[in-house]
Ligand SMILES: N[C@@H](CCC(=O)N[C@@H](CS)C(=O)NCC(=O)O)C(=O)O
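This document opens with one chain alone, in structure tokens, the form predicted alone.
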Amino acid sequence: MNRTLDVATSAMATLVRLAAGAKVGSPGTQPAKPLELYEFEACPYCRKVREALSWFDLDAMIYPCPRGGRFRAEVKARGGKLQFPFLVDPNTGTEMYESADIIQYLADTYRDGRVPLSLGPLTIVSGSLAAAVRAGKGRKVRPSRPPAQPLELWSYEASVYSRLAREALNDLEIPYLLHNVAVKSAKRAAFTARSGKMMVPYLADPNTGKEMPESADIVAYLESTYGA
């Protein structure tokens, strides 16, 4: 997919979801230990949870689970079935499936109990349509070399360009700490101080010391560094 079409279809995916995950609606503090989320980019139920993480201004360690991926076996071993998303909270020992249950758990445990507005089944329908617009990106694993340490990505769910970076991380099965910095995020000032400006996506790789903005540069870097 050429760059222009890539950006256009990513923008369409954001529009289909009415820009859910664009701003913080329930701010607060981060858990002491990062939440852990096993998911894959094209899954509409996973999308619901990622949108909620942006809404709650919560960070999470992401373990990408595209079809054929190595982290899928860990989900089955821990939870007993291959179902996504799968949340692990090392702060409370909680492990759970089901997007609606995960979102309510996050609201009750780390915020004021209020969850983002949901349109019920239409949320999943529109999430599936958003994935279809992206023509299978973020769904299937591609050969890669796993990094020694997880990477870090500053992003938020509705960001058109951040989606392109997340899809590359997903398809190459690269675990990463997701820092959500949606509109009204309390973390934007610290992020801007680090990056020099409020622009996402922004990638940091502790394995090489590289840090960079620009989705095209990030995707090219991931491919050249970790692609098989």
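The model shown is predicted, which means the values in this text are computed figures rather than measured ones. Note that residue numbering begins at 1 and tracks the sequence as displayed.
There is another form of the same protein, the form predicted together with the named molecule; it is not shown, and what comes next is about it.
A.B. asks: Which of these stretches, 78-86, 112-120, 150-158, 129-137, has heavy atoms within 4.5 Å of the named molecule in the predicted complex?
C.D. replies: So the stretch in question is 78-86.
A.B. asks: Does residue 43 reach the named molecule in the predicted complex, with heavy atoms at most 4.5 Å apart?
C.D. replies: Residue 43: contacts the named molecule in the predicted complex.
A.B. asks: Taking heavy atoms and a 4.5 Å cut-off, does residue 98 contact the named molecule in the predicted complex?
C.D. replies: It does: once the named molecule is placed as it appears in the predicted complex, residue 98 has a heavy atom within 4.5 Å of it.
A.B. asks: Is residue 33 near the named molecule? Define near as a heavy atom within 4.5 Å, in the predicted complex.
C.D. replies: Residue 33: no, not in contact with the named molecule in the predicted complex.
A.B. asks: Is the gap between residue 184 and the named molecule in the predicted complex 4.5 Å or less for some heavy atom pair?
C.D. replies: Heavy-atom contact with the named molecule at 4.5 Å: absent for residue 184.
A.B. asks: Scan 48-73 and note down the residues that get a heavy atom within 4.5 Å of the named molecule in the predicted complex; none is a fine answer too.
C.D. replies: Heavy-atom contacts to the named molecule in the predicted complex: 67, 72.
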